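What follows are structure tokens for two forms of the same protein chain, given separately as structure 1 and structure 2.
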Structure 1
Amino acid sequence: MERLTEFVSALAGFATLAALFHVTWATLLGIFVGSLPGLTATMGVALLTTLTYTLDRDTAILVLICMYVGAIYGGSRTAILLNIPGTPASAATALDGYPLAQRGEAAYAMALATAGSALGTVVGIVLLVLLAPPLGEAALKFGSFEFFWLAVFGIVISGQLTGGAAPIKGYIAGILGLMVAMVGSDGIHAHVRFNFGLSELNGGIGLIPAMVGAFGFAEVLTVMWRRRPDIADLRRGADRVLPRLADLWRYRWTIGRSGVIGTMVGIIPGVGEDIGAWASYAAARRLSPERDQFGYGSKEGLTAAETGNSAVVPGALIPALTLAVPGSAPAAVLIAALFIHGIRPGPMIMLEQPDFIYSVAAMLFLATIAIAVYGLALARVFVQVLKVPREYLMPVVFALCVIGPFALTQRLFDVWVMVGFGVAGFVLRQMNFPMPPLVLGIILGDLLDKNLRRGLTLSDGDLTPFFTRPISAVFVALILLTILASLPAVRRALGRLLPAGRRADR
């Protein structure tokens, strides 16, 4: 009850015209970004972060969260209409959304996606309000040993789940991210490492230039690489744009379950919306009486995927706020934005700014209302967005990629960093190396480095406490299980046990 009061009070704090104006434009921009193939939620949040330097703290975070929620939702448009996910989060949506569109039910598919996204986010918000405070308080018990293992666990689980059929590539991406974080002044003795004689590297590689490069410039190149997609043949006006309440009631268990699965996937460090959608989709298919229709235009499958990916957003913010460990790539950028705006995420947030968690929940709620209104009112308008030619959009996006990182530090060096990460990100993506572990590595590198060396100093070089302290032991067990699960023999055995879950590997 106390948490509900805190949430309502935070919501009331945003009941101003200015706040509603920011929700309106930022969510619309987010849906626009998510709708366009090649513009991802991470890119949107990273680019928008560079535009929020001059805004006050709450407005800046509100705008970024609206962009995040809007972009994840917006990805469903392209998945349904083009069979190309606007963002990777909508890959599962395309499986049933596109067949529905081909049957002339595109608008209804978008309506179901809207309802699923909104309800999924609401489930996630409820869990955020319920779980974040106790998790934050539990994190206060973490010492150097536990934080070290938390960072290792984040990289391992993220590499395992996003690496798909080749977890080794996920692990490599995570290690590369950690290596990037080793550049610059170390967190304990302030000794400068790997600066290659460049004084600009003494402070390390900036997260925002790296993210804008890896997700912005790399996306520009990827979009230019792809062939032009064809929009599904729509029989416009033939179907309804509002979801039937009977359908939503019929899928109530699917929505609830997908919301919980999505949120839980969000809590796992560096995993993200796409895995949330696939996990929800696989669970729905396993338990659905109409499982044979999945993949051929199942409304339940579409609802599960969209509920699952949207519920990841609040879920990903739970560890981001309480542990400073992002649950997804956009949440990693949000952490950087929080630091820029003077908020220190991590266990101390429960002591320093305990009401901020409720403010974030209120921001998510406002963004949810906005996507519901836009999704249902502008279903047909968004189809036009897909017709923006790539040759007009991509140079503008790249110009923003250049000026955005420059705006933060006024250094051309950051533009070069962005370019370097863009080219590397493009090559790695083409080779099927996942990006989330790389980003997580950059974020967690400092945490891992400092806590390993601090822990060893505390124990006088003895490794025993890393394995014998209760929370550390749990992390070690989880890490070992995760690595074991990535071994081909174990994966084959698991695949035989869980045949319906195989699709989640895609």
Structure 2
Amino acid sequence: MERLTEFVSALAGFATLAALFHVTWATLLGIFVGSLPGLTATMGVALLTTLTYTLDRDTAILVLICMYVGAIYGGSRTAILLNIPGTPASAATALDGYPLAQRGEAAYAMALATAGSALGTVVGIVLLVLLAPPLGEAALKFGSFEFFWLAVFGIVISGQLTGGAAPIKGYIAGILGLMVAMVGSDGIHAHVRFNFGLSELNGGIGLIPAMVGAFGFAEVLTVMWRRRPDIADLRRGADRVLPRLADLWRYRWTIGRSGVIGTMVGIIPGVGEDIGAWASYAAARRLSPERDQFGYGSKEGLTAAETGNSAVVPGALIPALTLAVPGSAPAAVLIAALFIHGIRPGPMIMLEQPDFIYSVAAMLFLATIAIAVYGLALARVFVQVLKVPREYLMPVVFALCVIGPFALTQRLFDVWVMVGFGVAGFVLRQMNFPMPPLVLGIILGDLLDKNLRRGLTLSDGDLTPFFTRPISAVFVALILLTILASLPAVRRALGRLLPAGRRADR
């Protein structure tokens, strides 16, 4: 009851015209970003972060969360209409959404996707309010040894952010991020390292220029390098745009189960919304009496996929807020934004800002209402956005990439850092290296460096406490299990043990 009161109080704090205005435009912008293939939720949050410097703390985080929620939901538009997922999180949506659109039920498919997304986020919000405070209190037992392993764990799980069969590339990208974080003055003795004679690097490489370059400018270069044909043939359904209550009631167990699965997947660091959607879809197919219709226009399959990927959003914020370890790639960028606006996610958040978790839950709830309104009221209008060629959007993206880093410090050097990371990000993308682990490595580098040396100081150079303290031992075991689970041989063995799940995923 006390947590409900805190949530209602936080929600009342956003009951202003200014806050509702920011919810309105940020969520709509997020839906547009998610609808356009290539403009991911991670990129949207990263670029929008550069425009929130002048906003107060709560408003800035509200805008970014609305962008996050809107972008994950927006990917379902292209998945249903064009069989092109706007974001990876909507790949499972396309399996049944596009066949429904081909049958002339595009608008109703979008209505079901909207209802599933909204209800999935609500399930995640409930679990966020219930799980985040006790998890934060447990994290108060962490010391330097535990924080070191927490940072290492964050880098190790970055191998799961690859979305492919080569997690080693995720590890390499994460280690590159750690190396970038070592540039400049160290956090304990202020000794300058790896500045290569450039005084501008004494303070280290800025997170925002690096992040904007790796996600934004690299995307501009990718579009210039590999033009894609414009999509002009858009299908539209002339059917109803409101979901039938009978359908929602029929799939109530699917919605509840998918919401819980999505939230639990979100809590696992580095897994992401796409895995939440596939896991929910696989569970629904395995348990549904209509499993033969999955992949051919199943409304239950569409609902499960959209419920699952949206529930990951609040789930991913649980470890992001309480442990400073992101549950997804956009959450990694959001952690950087929290630091920029003076919020320190991690175990101390329950002591320093105990009400902030309820504020985040209220922000998520407002964003959920916004996607429900937009999804149902503008189902057919959203289709027109897809007619805009991506090549026309890139000049705007490039302008934001330049303005954002420069506006932060008024240093032209940061613009060159952005360009350098953009070129590096473009090259890494061509070799199928993921960018989120790189940013995650930059974020966690300072935490790892400080706590390693502080722990060695406390133990007089003895490494034993890093392995014998109970929480540290748990982290070491988790790290080893994560590395083993990423090995191809282990994956094949697990696949043979779970043939039913493998067929469902396929």
Partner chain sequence: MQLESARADRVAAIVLFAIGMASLYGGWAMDRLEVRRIHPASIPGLVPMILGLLLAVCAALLWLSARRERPAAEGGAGMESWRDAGVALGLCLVYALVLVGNLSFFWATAIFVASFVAVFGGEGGPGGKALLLRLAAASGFGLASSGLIAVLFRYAFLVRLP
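On a predicted model such as this, the values are computed, not experimentally measured, just so you know. Rigid core (definition): largest C-alpha set, two forms, superposition within 1.5 Å. Residue numbering: sequential along structure 1, first residue numbered 1.
Structure 1 derives from the form predicted together with the partner chain, whereas structure 2 comes from the other one. The rigid-core alignment places the CA of D449 2 Å or more apart between the two structures. Superposition on the rigid core between the two structures places the CA atom of E200 2 Å or more away from its counterpart. Core-superposed comparison between the two structures: the CA of L438 exceeds or equals a 2 Å shift. A C-alpha shift of 4.4 Å is found for V476 between the two structures, based on superposition of the rigid core.
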